[in-house]
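To begin, one chain is listed below as structure tokens, in the form predicted on its own.
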């Protein structure tokens, strides 16, 4: 059984996945209360599913980009549990999680966004290849106007889009920029998707390659990432 944790932004998510089925998934706005809510939420999820902590055989965590405090809490918690269970820990990029939740196909590019505070977002572009969204650019720090002006072809925008972002992107659409805003259900970053991505990595590589001590957060810095 794999436990996945996502504390990268103001929302908090967790999932339990046995490698064949998603057993439990929860996502809720935590209002930066991750440190207070995370441990009790994990305990309640395990109790609800009648799973003991010692039966967890793998862990996954969103490693960022995201908020400094949120990432520190999530990565530290995942490391502690993985080390206690002598289990692998798979770190997954937050933008990759957001991208993987959007149905693919067609020629549109995909741009995933993660909130970075003070009106800024960290973004990365993806293209649909071999049945999945694959990065086609580095991560970069920008704002909504900068993102809209950088679109060079038809693109779907997903991830953390606040009210200001929706307004800016809608204005860009009115100006003829070929932007499609993903539906809200697809924009929600899901811990179940994180768990799926982690299982895919575990199947492709020996669990010995996922040493918890080697998992580190990706923090937002000024300028390009």
Partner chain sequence: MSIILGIETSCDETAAAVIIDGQRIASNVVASQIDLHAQYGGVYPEVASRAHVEAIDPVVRQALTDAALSIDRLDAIAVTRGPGLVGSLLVGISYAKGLALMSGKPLLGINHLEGHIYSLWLTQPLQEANFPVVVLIVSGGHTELVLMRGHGVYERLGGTLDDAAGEAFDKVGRVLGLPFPGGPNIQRTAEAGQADAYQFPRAKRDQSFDFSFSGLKTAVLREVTRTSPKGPHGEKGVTLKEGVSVADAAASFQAALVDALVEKTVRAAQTYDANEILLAGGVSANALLRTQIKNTAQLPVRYPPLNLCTDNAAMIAAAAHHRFAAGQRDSIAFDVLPTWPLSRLSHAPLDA
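Residue numbers count along the first chain shown, from 1. On a predicted model such as this, the values are computed, not experimentally measured, just so you know.
Only in words, not in the display: the form predicted together with its partner chain, which the text now covers.
| field | 154, 186 and 189 each touching its partner chain in the model of the complex (heavy atom, 4.5 Å) | value | Not a single listed residue reaches its partner chain in the model of the complex, so no.
| Contact flag, residue 68 vs its partner chain in the model of the complex, heavy atom cut 4.5 Å | Because a heavy atom of residue 68 falls inside 4.5 Å of its partner chain in the model of the complex, the answer is yes.
| said: I'd like to check something about residue 146: if you look in the model of the complex, is any of its heavy atoms closer than or equal to 4.5 Å to a heavy atom of its partner chain? | reply: Answer no; every heavy atom of residue 146 is more than 4.5 Å from its partner chain in the model of the complex.
| said: Considering non-hydrogen atoms and a 4.5 Å limit, does its partner chain approach residue 108 in the model of the complex? | reply: Close contact is absent here: in the model of the complex, residue 108 is far from its partner chain, nothing within 4.5 Å, heavy atoms only.
| request: Verify the contact flag for residue 175: yes if a non-hydrogen atom of it lies within 4.5 Å of a non-hydrogen atom of its partner chain in the model of the complex, no if not. | output: Close contact is absent here: in the model of the complex, residue 175 is far from its partner chain, nothing within 4.5 Å, heavy atoms only.
| task | Could you spot which one of 95, 90, 75, 121 gets a heavy atom to within 4.5 Å of its partner chain in the model of the complex? | result | After the contact test, the surviving option is 75.
| task | Identify, from the list 200, 43, 166, 49, the residue with a heavy atom within 4.5 Å of its partner chain in the model of the complex. | result | Only one listed residue qualifies here, and that residue is 43.
| task | From the candidate stretches 189-197, 55-63, 166-174, 23-31, select the single one in contact with its partner chain in the model of the complex, where contact means a heavy atom within 4.5 Å. | result | Selected stretch: 55-63.
| query | Which residues, if any, of 76-92 lie within 4.5 Å of its partner chain in the model of the complex when only heavy atoms count? | reply | Sequence-ordered list: 76, 77, 79, 80, 81, 83, 84, 85.
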